[in-house]
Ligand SMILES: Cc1cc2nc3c(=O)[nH]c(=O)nc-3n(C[C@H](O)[C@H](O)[C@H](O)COP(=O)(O)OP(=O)(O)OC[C@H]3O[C@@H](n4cnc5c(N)ncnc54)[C@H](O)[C@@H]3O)c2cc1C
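Next comes just one chain, in structure tokens: the form predicted on its own.
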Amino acid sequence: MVGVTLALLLAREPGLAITLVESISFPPLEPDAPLPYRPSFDARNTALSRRTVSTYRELGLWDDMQLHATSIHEIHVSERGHFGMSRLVADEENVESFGQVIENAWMGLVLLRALRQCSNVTVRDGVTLTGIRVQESHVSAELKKGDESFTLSAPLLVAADGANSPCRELLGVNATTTAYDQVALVTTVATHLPHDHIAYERFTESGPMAVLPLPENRRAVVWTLPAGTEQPLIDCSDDEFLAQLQAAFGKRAGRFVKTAKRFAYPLALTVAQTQTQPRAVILGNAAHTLHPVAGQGFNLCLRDCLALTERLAQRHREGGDIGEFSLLRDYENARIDDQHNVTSFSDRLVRGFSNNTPGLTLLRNVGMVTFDLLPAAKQALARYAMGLSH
């Protein structure tokens, strides 16, 4: 999602030629076909901040995206079986919503359709990267598709190829990965009550759980579980899964009555030791992969895309070298504080709420109640969640 979004942002700059290389072969984009799940555009859902939504609106894509997106009017944060609870209400913050929840597969279709309409973007899918050579004036990517080997050269390479980035490895950039020993079990459910555009962040004994509003009164579930405990919940009957989900979450969202297929994804914190090299930028999950607990990972990546696009477009208009290392370093330095703050916040949140020490449990519940009584603190967190302040 990050690589395609960056390409769309850069494509608005006249005279700038972009080639997007992807290892997955994209299927035909039929308008009425079922949503195809594939890596990146998979079964998960993404919470888009107000700033992220505004970016897609500026790109002219939001009307199409909105067809499979639902606005968040309230955010409820609580801990199962304890007294602490906090609420953020959009009306109280003088906004119509905090953001939107969108299905990744639909988002992928909209982005790819838009990309194929850009005359200055070439898409090469089903391609394997075999090598990278950095020269003084350009960088070359050695590629292979089937039996064909070929090379592409450009003044700048952007590596947005995921947490286990082959580009990052070929560029010689190390990354620090800290496993949480957790997985995210994701699915879509229905309840007997309407979702009323409420997003729940519920901390349970097994880990954080998010229940987010979706179109047609469905809800997206992201259930954090200890690694190795997810398979029985994937393999069991729908009724048994719903019963266990209900027991873990409680009745705050109503009675769970229907579930879709379940998927599981391992969770880890991955941070690249540097995000820039001569003629190369490391972006998206290749630069920083976060726990989904705060829903900030993609929104952080989009702010990176905006900052990088601004610098590259300005340099291109000036007729300068968009791959100059000093320009890339300026981008990284400008983004490092926001990245560090969001990464630390997400990491501390999941570690703090995955610890069931009695004293800490009491402390965080008192903290939630206190936070709920402080309008200034709620406003600050709301602006942070919306991507309006860092």
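Throughout, we count residues from 1 along the sequence that is shown. These figures come from a predicted structure and were not determined experimentally.
One more form of this protein should be noted, the form predicted in complex with the ligand, which is absent from this view; the next part is about it.
Proximity to the ligand in the predicted bound form, defined as a heavy atom within 4.5 Å, holds among 107, 281, 75, 184 only for 184. For a residue to qualify, one of its non-hydrogen atoms must sit within 4.5 Å of the ligand in the predicted bound form; none of 270, 275 and 332 qualifies. Checking 111-119, 126-134, 315-323, 88-96 against the ligand in the predicted bound form, the stretch whose residues place heavy atoms within 4.5 Å of it is 126-134. Within this chain, residue 46 lines the site of the ligand in the predicted bound form, having a heavy atom no more than 4.5 Å away. In the predicted bound form, no heavy atom of residue 8 sits within 4.5 Å of the ligand. Within this chain, residue 13 is remote from the site of the ligand in the predicted bound form, having no heavy atom within 4.5 Å. Contact check for residue 292: a heavy atom falls within 4.5 Å of the ligand in the predicted bound form.
Shown here without the ligand, the chain has 295, 296, 297, 298, 299, 301 in 295-328 lying with a heavy atom within 4.5 Å of that partner in the predicted bound form.
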